[in-house]
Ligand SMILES: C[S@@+](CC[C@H](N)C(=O)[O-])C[C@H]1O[C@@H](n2cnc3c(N)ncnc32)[C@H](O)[C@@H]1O
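First comes one chain, alone, set out as structure tokens in the form predicted alone.
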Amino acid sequence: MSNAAPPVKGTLPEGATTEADASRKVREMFSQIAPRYDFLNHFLSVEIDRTWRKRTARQLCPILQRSEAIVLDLCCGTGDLSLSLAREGKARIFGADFAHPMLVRAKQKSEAQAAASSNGAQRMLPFLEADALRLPFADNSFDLVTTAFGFRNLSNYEAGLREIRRVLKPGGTIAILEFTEPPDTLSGKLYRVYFREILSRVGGLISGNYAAYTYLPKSVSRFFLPTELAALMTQVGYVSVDFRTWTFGTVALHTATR
């Protein structure tokens, strides 16, 4: 495993000069694209994003099957991973995000899923507004903290890892599902053309927010390689750090234990 130094401190949207600027711009950006967020996620990924979340939930089944387990899905957006986690087991799932319009949609989806479940087996999930760098939870609160495609948007990655570690119970698990730059193969080159040129234009056109979908590929290119994120997690104090890449190396799931 590489011990390379992390290349960036946190996300850097266009025009941001401080961590506070970056955080504010990210919140505003995701609040603005919330109405078309789900449609674009599924459309632009050709529905593969659903598979990534389901696969992540299956990987975490040993924890999710424990009825006493308490799970936090951080940067939950519209709740897709939260709902996938809930379908896999009996654990208590909480979703948190700092973009209020995203949470409105997450609650609506949870209500619809609960209503559609047989015999009311699927309960509604609690979603709350919270900043990932200043969580309103006590130390040692959760058995599992997950985040899907949200960690990359934090204004300070090391601070985010430390805050997650604070709220995890000793022996608790962190799971980060995130985009990453693929290897420099033919499939990787084709993916970059799609991701940087086609996706940004189509996403901007449909959402009406070109800045958000230009930000997406730029944020991925600035983000850690899988070995670099693993090294930072180890540096922060996590143990049993591991990762696996999927779909030609375009996404990575990192797991570790406090």
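Keep in mind it's a predicted model, so treat the numbers as computed, not measured. We number the residues from 1 along the sequence you see.
Another form, the form predicted together with the ligand, is not on view; read the next lines as being about it.
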Would you please decide whether R53 lies within 4.5 angstroms of the ligand in the model of the complex, comparing each non-hydrogen atom pair?
yes
I'd like to know whether A130 contacts the ligand in the model of the complex, with contact meaning heavy atoms within 4.5 angstroms.
yes
Consider V26 of the chain shown here, and say whether it contacts the ligand in the model of the complex, taking contact as heavy atoms within 4.5 Å.
yes
Hey, in the model of the complex, does F98 get a heavy atom within 4.5 angstroms of the ligand?
yes
The chain here is shown without the ligand. Which stretch in 219 to 227, 37 to 45, 56 to 64, 187 to 195 comes within 4.5 angstroms of it in the model of the complex, by heavy atom distance?
37 to 45
In the model of the complex, the residue from A86, A148, L161, L144 that sits within 4.5 Å of the ligand by heavy atoms:
A148
Exactly one of V71, M102, L168, A175 has a non-hydrogen atom within 4.5 Å of the ligand in the model of the complex; which residue is it?
M102
